[in-house]
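Just one chain follows, in the form predicted on its own, and it is written as structure tokens.
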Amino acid sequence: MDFDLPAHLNEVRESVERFAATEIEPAIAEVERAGIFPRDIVRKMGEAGFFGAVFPESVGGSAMGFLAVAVIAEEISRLRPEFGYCMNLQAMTCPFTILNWGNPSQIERFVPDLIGGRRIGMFALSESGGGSDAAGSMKTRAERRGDRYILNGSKMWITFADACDAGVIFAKTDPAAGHRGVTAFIIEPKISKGYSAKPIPMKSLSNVLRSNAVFLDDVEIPVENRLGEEGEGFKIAMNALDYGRLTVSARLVGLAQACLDASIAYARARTVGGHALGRYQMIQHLIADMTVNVEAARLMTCRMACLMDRGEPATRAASRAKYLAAQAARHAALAVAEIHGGYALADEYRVQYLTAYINMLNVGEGAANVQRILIAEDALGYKNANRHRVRRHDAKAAE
């Protein structure tokens, strides 16, 4: 059992660091000032191969695997967490769901452009008031009329919805059937009349890579854009969220690592009473706990990725990794603020910036209490977390 990353993945990590330094850092201030979605940066990320690690070469991927996804998502989130969103929407929940559940025509039409960064993706499941029962409480409706479905309703917390070119969206085709009445669709907002998206004001987060409220007013989606069969939407969504938990867990690890890095740098540089802050025992306790928590969360995230790479059920590992990574990141956010003291509020440091993204990701792909329930019911034998059959397109076998 080897716990070290393969050499090529260390090279991947270094390439992400170089990309952030050369392509994002010089441009991000102007991007935020202008308030325009950074399509050019996302396209360059796609061209660099950041989104294609689990996709076969036949659709423009590299077939490197899920561990590569974890490495990329962690590193980009350590450096520029606002671009960590892309690892969900351009590399996982949107295009990978189409790859797993789409027919050959849908895969050919949408996947290459999404992972290449030429189209912007989204994953529209959540609704206002739906909470953790997104499918069961879903109010968005889809009515079939001939060769089209007519969608009415709304979605909430949908990232990139204001810039989206193609996304996966869920609606009830049979409101009386509960979870079994949900159906998945591929929506193309730029050509869909009746679609609108309104960014949710969040001053502490990016001004351009945003979550939105989505409104659907008699939006027409052709039957050929239905993903899977009618009533398969809940199964598709749960499958997608397992893979989404990989990127969210890795992003949380990256954010926790960024807090640790900032804490170490500040504790070394700041002098109190003639001594470096890092010489004080209470500060050392905080940094020691952060160090162990980050490493534990990273190892559990990598284990989840390895299970996925082997094609084994990973729902249990996904819940555990997401829960632990969120706890590690939340602890890191509190610790970095305590170490910085009053300077945690200063724009000179990244403390508030990192904390805001940690708070946001804490609920993404399942809040802590949801993960606790999944983990406990599995441990108690009430409900086997790995009971569902794995649904995954094998990129390596496809070559």
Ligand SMILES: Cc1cc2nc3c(=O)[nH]c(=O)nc-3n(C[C@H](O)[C@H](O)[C@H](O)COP(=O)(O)OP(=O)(O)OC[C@H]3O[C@@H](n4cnc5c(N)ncnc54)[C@H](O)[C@@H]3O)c2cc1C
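These numbers come from a predicted model, not from an experiment. So that there is no doubt, residue numbering starts at 1 and follows the sequence shown.
Heads up, the form predicted together with the ligand isn't pictured, but that's what we're talking about next.
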query	finding
Any non-hydrogen atom of residue 163 within 4.5 angstroms of the ligand in the predicted bound form	no
Proximity of residue 83 to the ligand in the predicted bound form, heavy atoms at 4.5 Å	no
Close approach of residue 364 to the ligand in the predicted bound form, 4.5 Å, heavy atom	yes
Exercise: residue 159 in contact with the ligand in the predicted bound form, heavy atom 4.5 Å	yes
Per-stretch contact check against the ligand in the predicted bound form, the hit in 151-159, 138-146, 279-287, 67-75 (non-hydrogen atom, 4.5 angstroms)	151-159
Of 373, 345, 36, 27, the one that lies within 4.5 Å of the ligand in the predicted bound form (heavy atoms)	373
The single option of 63, 360, 333, 41 touching the ligand in the predicted bound form, heavy atom within 4.5 Å	360
Sequence-ordered residues of 209-241 touching the ligand in the predicted bound form, heavy atom within 4.5 Å	211
